[in-house]
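In the block that follows, a single chain appears as structure tokens, in the form predicted alone.
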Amino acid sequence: MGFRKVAIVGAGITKFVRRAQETGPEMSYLASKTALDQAGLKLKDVEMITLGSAPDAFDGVHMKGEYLLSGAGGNNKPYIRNFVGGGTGVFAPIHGWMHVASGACDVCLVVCSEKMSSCHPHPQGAFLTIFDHTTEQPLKPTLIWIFALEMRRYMETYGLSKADIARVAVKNKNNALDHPSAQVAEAVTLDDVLNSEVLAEPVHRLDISPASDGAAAVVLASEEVAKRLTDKPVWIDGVGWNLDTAYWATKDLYYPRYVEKAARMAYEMAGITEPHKEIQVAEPYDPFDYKELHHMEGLLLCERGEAARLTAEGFTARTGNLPTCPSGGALGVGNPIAATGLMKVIEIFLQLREEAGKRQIPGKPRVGVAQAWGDLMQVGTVIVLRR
């Protein structure tokens, strides 16, 4: 089946905050309105809408897709919600791409919204029932607990120290000082990260992104419409997604094979054969600092076990050979789950249009990749953009 070309022509994002005054529908409206304004469109011009949002428990509203409908502009339009955990924010534009690439519509609005502060006593509680009720729930695991196992396995496989991992948190939190949506932008040092509170060894508090409220949106258009709307369309050149088993304890956690499979799918579509040479800017998913390294390797941006050394040598800094998370990532900007992945897609969109302001990387980048990851260490979603 042949696909039509699809471009991003507008983007909008709210401030990421700990406790938003706005409701989920109101945050969705703010992001959508900004994206439509940038594209020079009105809601009446949008033919279809796809919405990404994580567990209903975050907002405390069952049928959250329906709850967010009005804010996302979906009243009386073809509208559908998608959800693959933390992978949602990159899967949602893939879902929108399907609508436009298939010819089902010429203009699709993609909205991702998350209000985690509504979940009491803490959004981590929303995850208690995602584990197998017979073999895992009796052990009362939490996500931080199992990610500590994954982080330890990754460190021991390649002989990495805590400092090797913590350099990612330092880089991203400092990058976020230049992001207007950042919740926790702060200038931190390696010692700050290493000496922060231990949550589940080896995970410390500053190794983790904060829980956030926020929303993001992009407008997708067919080639004919995109060229009419802007002289700077950013094309969706490749998409990929992959899900592994939910039984995470049966896998060797040192390497995210599902991310590699999603990346290979996207690269094949984009005609990319040497991603470490052809990708010029990357936004891998970084809810934990070790995950940026894990995902760089899964995205084939470097050899396995090499990402920590490249980070230490400045390879992934904004002025490095492969700028990685120039936005500040989830660690610095904040992590309203579904909106985080779309924030990363928007960062690549802005970088390729050379509209990222103080965050702009040098060298007029032409190709970038954004990736998200989620659920029980099992979801990989990847999108390749080209100007």
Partner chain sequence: MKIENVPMKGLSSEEYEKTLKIPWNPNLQYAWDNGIGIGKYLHALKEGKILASYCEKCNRIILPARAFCEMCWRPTDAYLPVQDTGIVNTFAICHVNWDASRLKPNEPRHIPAVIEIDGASPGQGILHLLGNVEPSKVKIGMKVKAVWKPAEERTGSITDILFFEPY
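All values derive from a computational prediction rather than experimental measurement. Numbering follows the first chain given and starts at 1.
Just so you know, the form predicted together with its partner chain exists too; it's not on screen, but the next bit is about it.
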query: Non-hydrogen atom contact Asp37 with its partner chain in the predicted bound form at 4.5 angstroms; finding: yes
query: Partner contact for Ile80 in the predicted bound form: its partner chain, 4.5 angstroms, heavy atom; finding: no
query: Any non-hydrogen atom of His276 within 4.5 angstroms of its partner chain in the predicted bound form; finding: no
query: Proximity of Thr14 to its partner chain in the predicted bound form, heavy atoms at 4.5 Å; finding: yes
query: Answer option from Ala163, Leu253, Cys105, Leu300, heavy atom within 4.5 Å of its partner chain in the predicted bound form; finding: Leu253
query: Sole residue of Ala187, Leu190, Leu139, Ala312 within 4.5 Å of its partner chain in the predicted bound form, by heavy atom; finding: Leu139
query: Triplet Arg167, Leu194 and Gly374 all within 4.5 Å of its partner chain in the predicted bound form via a heavy atom; finding: no
query: Residue stretch of 244 to 252, 168 to 176, 312 to 320, 265 to 273 approaching its partner chain in the predicted bound form, non-hydrogen atom distance within 4.5 Å; finding: 244 to 252
query: Within 20 to 54, the residues that have a heavy atom no more than 4.5 Å from its partner chain in the predicted bound form; finding: Ala20, Gln21, Glu22, Met27, Leu30, Lys33, Thr34, Asp37
